[in-house]
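Consider the single chain below, provided in structure tokens and representing the form predicted on its own.
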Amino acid sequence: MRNGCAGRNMEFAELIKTPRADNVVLHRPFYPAVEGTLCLTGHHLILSSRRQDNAEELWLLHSNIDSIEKRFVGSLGTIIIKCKDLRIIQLDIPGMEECLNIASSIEALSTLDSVTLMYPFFYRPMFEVVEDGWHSFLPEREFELLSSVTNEWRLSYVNKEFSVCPSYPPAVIVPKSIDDEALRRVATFRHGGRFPVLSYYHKKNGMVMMRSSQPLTGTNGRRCKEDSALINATLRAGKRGYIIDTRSLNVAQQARAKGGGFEQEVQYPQWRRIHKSVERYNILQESLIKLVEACNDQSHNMDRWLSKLEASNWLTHIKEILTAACLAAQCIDREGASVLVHGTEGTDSTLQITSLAQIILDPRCRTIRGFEALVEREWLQAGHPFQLRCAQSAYSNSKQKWESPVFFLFLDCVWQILRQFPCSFEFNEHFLVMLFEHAYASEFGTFLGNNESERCKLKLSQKTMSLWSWVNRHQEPSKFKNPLFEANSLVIWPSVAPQSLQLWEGVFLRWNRSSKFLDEAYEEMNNIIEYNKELQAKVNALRRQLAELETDDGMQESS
């Protein structure tokens, strides 16, 4: 046990009023009710049944608990636990006092303030670590790949101490012609210091996508010549670029009154600005709450279900995000133009669009490792505030402005594309569901903190295990592999027509109806594909034997 753990365990002990209770009945989706002993530890709620083999029936992370409700009938108490992965669990506990103690302990343990008290700091892997995921996708590695196709960019350590931009990583890729002093000036002209950096280089035609935050033009039309020099450095002679602003024109104009704003065409004559409004913050959280509520209500008639699904606006948000991502990809691939994407802060809708555009354009992002690199580069290192955004899920009552399913929506958009191009992705739906779950509650440190600066201060790479170390261990990927995958080097253009977008049942309905038969069908498909590979290998071996026999016959005849 690490130093300080004993003290921390004392801290947990004070929060646990009743560490165990007998004769507790557990009700959960797809399993019969089971009676057993409930135990509370610092990080888990555990229910073990009284079966002969003493098998564990439930092992739930406190950090996965979104909200709890208490009910009493006489002295029998019921605790309803609503989880961040959208599951709902019920515990029947005899004795009112015991039930109240357990409920208040669960509430305290599931809302710990200190990050260092969270489970990733205590977790010890039970698997052999063959790769340290903390070092798998460093900016230096990405830059090596870029350097093999172009020499117009450089890796800058201007943000080495996180002093220029607190939400950027220490190393960023910028045009070679722009020095660090110019970057410092541009940082003072962009919201939160988020100056334009390289997001993606399109090998096919050398066009690029950059991302940043809004310029601080204000009502006086403040300008910064280094800023226009930086983004102009990405343009080919005589070519125009596109700025995709993820706010409506109206919202962007209102931002000027608060010191923000957008790029005026007078100062950026080679750039055409397009406003593609994408919702953010609590509007998305409200949308998720409404959708999950509709999915959990089993009493609907058809009209009520369809009107509730529409009222949630979730699929409308999916359409908006995919439309903006397709536009960015189109500008790069079809128009042969470079693109700059930003909204206000550049940490939410901007990242949805830059990462989805890369899935459309770049086959590497459709592989397991390529997608991990994308999440690392465009979300974690790019400063998406996971700790704030994923603090609560669909059952939260807190309604904080900063809680928002931005990353969840991105994963849903990826699932929509995967569904339309089922053979173009190396990973399957389970991989996306796993990422959704770990973003909200995990034994790994990958999604802790809000940016690289916070992760550095927390020493996560030394004190916690990376999710990628677990995913990339030898036996794991097969669970996440798509058996239909055939590498496709083409750009894939998803349809964003309303008829093409569907509810992601694998997440939203997975606790409401059994996927047993779908799982069996998937297993059967896997078996058929494996058997086909074996037969193909036999055919190839027999062909080789036949060719050798024919060669031998030919040699005998000639001799």
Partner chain sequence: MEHIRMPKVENVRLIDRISSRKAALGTLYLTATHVIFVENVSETRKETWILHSQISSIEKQATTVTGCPLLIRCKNFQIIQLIIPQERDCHDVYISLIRLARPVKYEELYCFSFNPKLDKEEREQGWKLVGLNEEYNRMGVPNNYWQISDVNRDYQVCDSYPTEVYVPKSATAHIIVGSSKFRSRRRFPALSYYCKDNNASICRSSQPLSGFSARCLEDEQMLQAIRKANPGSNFIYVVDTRPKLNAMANRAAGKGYENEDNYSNIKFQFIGIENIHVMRSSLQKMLEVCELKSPSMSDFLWGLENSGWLKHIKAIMDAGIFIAKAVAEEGMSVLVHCSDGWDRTAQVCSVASLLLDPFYRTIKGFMVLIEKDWVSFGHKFNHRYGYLDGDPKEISPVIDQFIECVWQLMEQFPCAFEFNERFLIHIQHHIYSCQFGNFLCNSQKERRELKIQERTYSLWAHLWKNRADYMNPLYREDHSQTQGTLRPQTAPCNLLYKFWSGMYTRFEKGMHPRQSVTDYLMAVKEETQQLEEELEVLEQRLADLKKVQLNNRKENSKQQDHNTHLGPSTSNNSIANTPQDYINNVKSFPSRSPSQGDEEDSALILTQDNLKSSDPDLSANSDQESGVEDLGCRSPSGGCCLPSEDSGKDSDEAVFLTV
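Not measured: the values here are computed from a predicted model. Residue numbers count along the first chain shown, from 1. The term rigid core refers to the maximal set of C-alpha atoms that superpose within 1.5 Å between the two forms.
One more form of this protein, predicted together with the partner chain, exists but is not displayed; see below.
**Q** Would residue 494 sit within 4.5 Å of the partner chain in the predicted bound form, counting heavy atoms only?
**A** Close contact exists here: in the predicted bound form, residue 494 approaches the partner chain to within 4.5 Å, heavy atoms only.
**Q** Report yes if any heavy atom of residue 330 sits within 4.5 Å of a heavy atom of the partner chain in the predicted bound form; otherwise report no.
**A** Close contact exists here: in the predicted bound form, residue 330 approaches the partner chain to within 4.5 Å, heavy atoms only.
**Q** Using a 4.5 angstroms cut-off on non-hydrogen atoms, would residue 151 count as touching the partner chain in the predicted bound form?
**A** It does not: once the partner chain is placed as it appears in the predicted bound form, residue 151 has no heavy atom within 4.5 Å of it.
**Q** Using heavy atoms and a 4.5 Å limit, would one call residue 543 a contact residue for the partner chain in the predicted bound form?
**A** Although the partner chain is absent here, residue 543 would touch it in the predicted bound form, with heavy atoms inside 4.5 Å.
**Q** To verify the annotation, which of these, 309, 164, 411, 155, has a non-hydrogen atom within 4.5 Å of the partner chain in the predicted bound form?
**A** Checked against the cut-off, the match is 309.
**Q** Where does the partner chain sit in the predicted bound form: which of 102-110, 367-375, 74-82, 274-282, heavy atoms within 4.5 Å?
**A** Stretch with heavy atoms near the partner: 274-282.
**Q** For the stretch 409-434, return the residues whose heavy atoms include at least one within 4.5 Å of the partner chain in the predicted bound form, in the order they occur.
**A** Sequence-ordered list: 419, 420, 421, 422, 423, 424.
**Q** Would you say residue 17 moves between the shown form and the other one, meaning its CA shifts by 2 Å or more once the core is fitted?
**A** Superposed on the core, residue 17 moves its C-alpha less than 2 Å between the shown form and the other one.
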